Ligand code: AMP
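One chain is shown next in C-alpha cells, namely the form predicted alone.
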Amino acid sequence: MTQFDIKKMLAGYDKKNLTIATVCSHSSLQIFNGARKEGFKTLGISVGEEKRFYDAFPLGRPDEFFIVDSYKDISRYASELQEKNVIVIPHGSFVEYLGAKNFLKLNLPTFGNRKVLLWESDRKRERQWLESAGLTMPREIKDPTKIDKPVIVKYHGAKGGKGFFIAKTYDEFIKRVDKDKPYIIQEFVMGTRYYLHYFYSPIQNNAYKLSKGSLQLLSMDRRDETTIDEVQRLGSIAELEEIGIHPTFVVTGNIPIVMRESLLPEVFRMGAAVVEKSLELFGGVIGSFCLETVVTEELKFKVFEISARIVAGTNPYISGSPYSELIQPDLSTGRRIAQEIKYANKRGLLHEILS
C-alpha cells in the first residue's frame, strides 16, 4: 500500500476515535494494555470465539472482540474494520497466521513498513541487509558436504524456531533436512544469546539520533527453547542423538536479561546501522525490531537474525524494563507503539509510520 493509499484511507477515519487492533496472540496483552494507557480504544481479532483467558487480565483485555472463522478471513472484513477506525499492530503470530502474501495486501492501515517483510522473511536478502550494514553474521555454509563442525539449519520465515536443527556431519544433515522448504546452513556459534529490542521513530528526534529520526533500546531477553535448553539434563547431545533424541529449538517462553553496560555502545551502533541501511534499501524499518545475537567470549556480537516488529521477548516488560525505565517509567514496547501513533496523529504524520 502506498503513502497515497494510506492518506486516502485515513481521510475517511475519525481521528479522534482511532482503534488499536491486533490478533489475540503473541504480544496482544501488552499491545492492548499499552494502547489503553495512551487513551485508545482496542479491538482483538479472534478466531471462532472470544478468548476466555482475557477475562483474567482486565487491563490487557481488548474493549471489543472481532470474531472471524479463520485468520485468512481478516482481509475480507477490511471495510468493516475501516469503519471502526482500526490501525493494525502486526506481531509475529499475526503475520504467520494471516500469511505473508495476505499480510502484504491487507487493506488496512498497519503500523510499520510492510516492505520489510520481503527482506526479513527471505534468509538471503536478510543476510544482504545485515552484512551490508556492517554487522557480523554466523558464517554460511553453502555446500552441505563441507559440514565438518556443528551447524544450525534454519528454514525461511518466522516459525518460533520450529524445525531448526543442529547437524555435525553431512550424513546428519541429509537425514533431517526437508528439501521441500528453503533453508540456510549457518555455523553454530558458541556464546550467550541476547535478543535486543529496539524502537526506531522516523518522526521523533529525542533519543539516539540518526540521519532521520532516533533510536531507542527498550529491553532484552533470552528465549526458553525446547528441548535444547533442557536436553543436557539427560546426558550429552552426542549420547542422546545416538538413541534418536535430537535437540529442538521451539520457543516456549522468554527470560528477562540485562547486558553488561560496556557493551551498550556496540548495541546502539548495530541498531543504528541496521536502520540506516533499511532507509536506503526499502524506506526504513519503522517502530519495533529485534536483533537476535550471540555474544562470544571475546565480547564480540554475531547477529543471526532480525525480527522487524514487536517480539514476544518484550512480554516480561509490560511494566517497563531496566532500560525503558530510564526513558519513561512504566514503558512497555506495546505502550511505546501507542505513543508513536498518538504523536503522529496529533501532528498529521500518521502516513509516515503506517503502511
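Residue numbers here begin at 1 and follow the sequence given. Everything quoted here is computed from the prediction, not taken from an experiment.
FYI, the form predicted together with ligand AMP isn't displayed, but the following is about it.
- Item | Option from 316 to 324, 43 to 51, 63 to 71, 302 to 310 whose residues, in the predicted bound form, bring a heavy atom within 4.5 Å of ligand AMP | Going by heavy atoms within 4.5 Å, the stretch is 302 to 310.
- Message: Using a 4.5 angstroms cut-off on non-hydrogen atoms, would Phe164 count as touching ligand AMP in the predicted bound form?
- Response: Although ligand AMP is absent here, Phe164 would touch it in the predicted bound form, with heavy atoms inside 4.5 Å.
- Message: Given that ligand AMP is not shown alongside this chain, does Gln186 nevertheless sit within 4.5 Å of it in the predicted bound form, heavy atom to heavy atom?
- Response: Gln186 belongs to the contact set for ligand AMP.
- Query: Just to confirm, Ala207 within 4.5 Å of ligand AMP in the predicted bound form by heavy atoms?
  - Reply: Ala207: no, not in contact with ligand AMP in the predicted bound form.
- Would you check, heavy atoms only and a 4.5 Å threshold, whether Pro138 touches ligand AMP in the predicted bound form? Within the cut-off, so yes.
- Message: Going by heavy atom distances of 4.5 angstroms or less, which of His91, Arg114, Lys277, Lys154 would be at the interface with ligand AMP in the predicted bound form?
- Response: Only one listed residue qualifies here, and that residue is Lys154.
- Single option in Phe173, Trp119, Tyr195, Tyr198 placed near ligand AMP in the predicted bound form, where near means a heavy atom within 4.5 Å: Among Phe173, Trp119, Tyr195, Tyr198, a heavy atom within 4.5 Å of ligand AMP in the predicted bound form occurs only for Tyr195.
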